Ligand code: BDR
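So this first bit is one chain, no partners, the form predicted on its own, shown in structure tokens.
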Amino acid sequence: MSAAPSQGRVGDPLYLDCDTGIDDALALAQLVAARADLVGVGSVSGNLAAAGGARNTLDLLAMLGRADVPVAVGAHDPLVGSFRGGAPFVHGENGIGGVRLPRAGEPVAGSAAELLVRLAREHAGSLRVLAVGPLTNLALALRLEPDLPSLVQDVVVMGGAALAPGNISAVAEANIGNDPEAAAVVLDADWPVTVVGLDVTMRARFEDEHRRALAAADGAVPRALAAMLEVYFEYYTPILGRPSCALHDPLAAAVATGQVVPTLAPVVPLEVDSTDGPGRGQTIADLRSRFVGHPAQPGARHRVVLDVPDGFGDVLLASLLTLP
């Protein structure tokens, strides 16, 4: 049986799997600012097609001074069915709010799943995985290397909703709901997963003063991020009732690096509804054992983050303002 989920730290080698839209861009910048040992990035279709996500990732990494990080294009389609076109109404047509970054670099040969397997073998026992898009690449990597869970230290996922409503259906969060079959494979694998879902990410906010502070910064990266956020704010302002946005992927990155330590994150059984009914894409967490005196449920392996300290927007801003 795998070890308990890690509490997060910066020094271990980290593989990032993402669908680089606006909050992914914030998370990537945050990881670089935190000096995470980023050893590889894979793209997956989600916010936009996998190829476009890889392009955004390469260009942003170059601006961040990390053009050395290998980026691989991952799965275009989910395990079942076809990619449905992403979310340009949230992230803009190019995934980063229409901002045009200087073009830099090209993806490495091979798929994101192949890159993950290679890195896991090179860093056996120490590699950590942060997945902030649909989990297709991770599921494909498990097919390529059935022993992958024994090579990876732990997995942190931005996805799901244990108690909160979904954001693409009544119960499904987008990263899980866009490939429930892959999510089921990943959660069934024998590795510890920390799930950072809508229960906390919808309450982690960037306010207008945060965006304006980035726009006024000296660095080119903070200003580019501020420009991206204009589109993200347009989407979220009617939902949240004021100019602001949710910080989905950055919060998961902060949990992975230890910048944010959850205040409530029980280890529970967790599964995904991959049927074709109204519950498709739901993450079902057995939370009975969170209550004092209730016995732990059989199969409890994965940590579900239910609460984090307030003020993450300030923490993220301070980190991003250190960037060039």
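The first residue of the sequence shown is number 1, and the count goes up from there. What you are looking at is a predicted structure, and each value in this text was computed from that prediction instead of being measured.
Form predicted together with the ligand: not shown, discussed below.
In short, of 119-127, 211-219, 138-146, 246-254 it is 246-254 that has heavy atoms within 4.5 Å of the ligand in the model of the complex. For the chain shown alone, residue 75 is not a contact residue for the ligand in the model of the complex, no non-hydrogen atom being within 4.5 angstroms. The ligand in the model of the complex is approached by residue 173, whose closest heavy atom lies within 4.5 angstroms of it. Contact annotation: residue 47 falls within 4.5 Å of the ligand in the model of the complex, judged by heavy atom distances.
Among residues of the shown chain, residue 71 is not one whose heavy atoms approach the ligand to within 4.5 Å in the model of the complex. Between the options 231, 156, 187, 198, the residue in contact with the ligand in the model of the complex by a heavy atom within 4.5 angstroms is 198.
Of the residues in 104-120, none comes within 4.5 Å of the ligand in the model of the complex through any heavy atom.
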